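Form predicted on its own, single chain, as structure tokens, below.
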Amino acid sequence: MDIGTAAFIGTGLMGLPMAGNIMKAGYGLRVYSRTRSKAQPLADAGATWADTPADAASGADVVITMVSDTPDVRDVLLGENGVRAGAASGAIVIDMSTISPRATREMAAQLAEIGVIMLDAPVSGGVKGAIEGTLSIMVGGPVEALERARPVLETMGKNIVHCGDHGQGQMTKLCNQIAVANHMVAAAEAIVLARKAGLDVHAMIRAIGAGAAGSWAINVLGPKMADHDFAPGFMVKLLQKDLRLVLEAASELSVPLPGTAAVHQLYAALEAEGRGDEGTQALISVFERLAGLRD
């Protein structure tokens, strides 16, 4: 069955452009957000406002959620006036948030009881990728549901990978966040050493970014670190939430992650200063202070 109408729940920094790309592709869109004003650009472009998640899901072939944390997903899917109350049997729910793999499996089982199929499909690529429709999308759940939903996912991302059964998309995203966070430390340390040594930091970034040291942290966020541009593409507080999920999953599986645990504590230093809403590249400030530099 082809998908004609989508519902999108959660129109924050990432969700708004993602939903906009669905509309640009010609799909009908029903939209709900806790803060209605955040969805206004979509309504102005022709989306239908829904008063509740249940209302958004009513009549939608696919329902996409993009909210902050596990309790938020559980509330919009299974709470009073949640998606479960409005979705029809055969509908597909795609959660693109980053949440607990275990909770994802539990919610998928509850939705299956009413004939609704769930995919977990967290993303990587930041606000830039959301705007450009080039996100990497990590999908857990039935392959058949993924193939049915693929045309919608392709409006938002260019690298769509099936990672396994329910929860495995989320587990893949947690692996992604381990690499992202540790790369951020490497970039920050390299930039601080360059500053202390009197190098042209931007020249250093160009030099190493084209070689084996190249990464998103170096090439995209490195220049922002150098310029102290801490506007959020992805907020410190959200990465910290993700790292808590990583460490929780690692504990359940008896996997030691000493590097990731250390990064989590370094970011805690930023949170202690009330800087949780800044971009993750603000980590450079912690290393500058350790090195006797001032931001």
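Numbering starts at 1 and follows the sequence shown. It should be emphasised that the depicted structure is a prediction, and the values quoted were computed from it without experimental measurement.
From this point on, the text means the form predicted in complex with a further copy of the same chain, which you will not see here.
- For the options Ala88, Ala112, Val143, Leu199, the residue carrying a heavy atom within 4.5 angstroms of a further copy of the same chain in the predicted complex is Leu199.
- The partner is absent here; in the predicted complex, the one residue of Ile178, Val116, Leu153, Ala103 having a heavy atom within 4.5 Å of a further copy of the same chain is Ile178.
- Taking the partner from elsewhere, no residue among Met23, Ala47 and Ala226 has a non-hydrogen atom within 4.5 angstroms of a further copy of the same chain in the predicted complex.
- In the predicted complex, a further copy of the same chain sits beyond 4.5 Å of every heavy atom of Lys158.
- Residue contact with a further copy of the same chain in the predicted complex: Leu78 places no heavy atom within 4.5 Å of it.
- Contact check for Gly259: a heavy atom falls within 4.5 Å of a further copy of the same chain in the predicted complex.
- Remark: Met138 counts among the residues lining a further copy of the same chain in the predicted complex, judged by a heavy atom distance of 4.5 Å or less.
- The stretch that touches a further copy of the same chain in the predicted complex, counting heavy atoms within 4.5 Å, is 162-170, out of 67-75, 143-151, 162-170, 92-100.
- Applying a 4.5 Å heavy atom cutoff to a further copy of the same chain in the predicted complex picks out Ala250 as the lone residue from 218-251.
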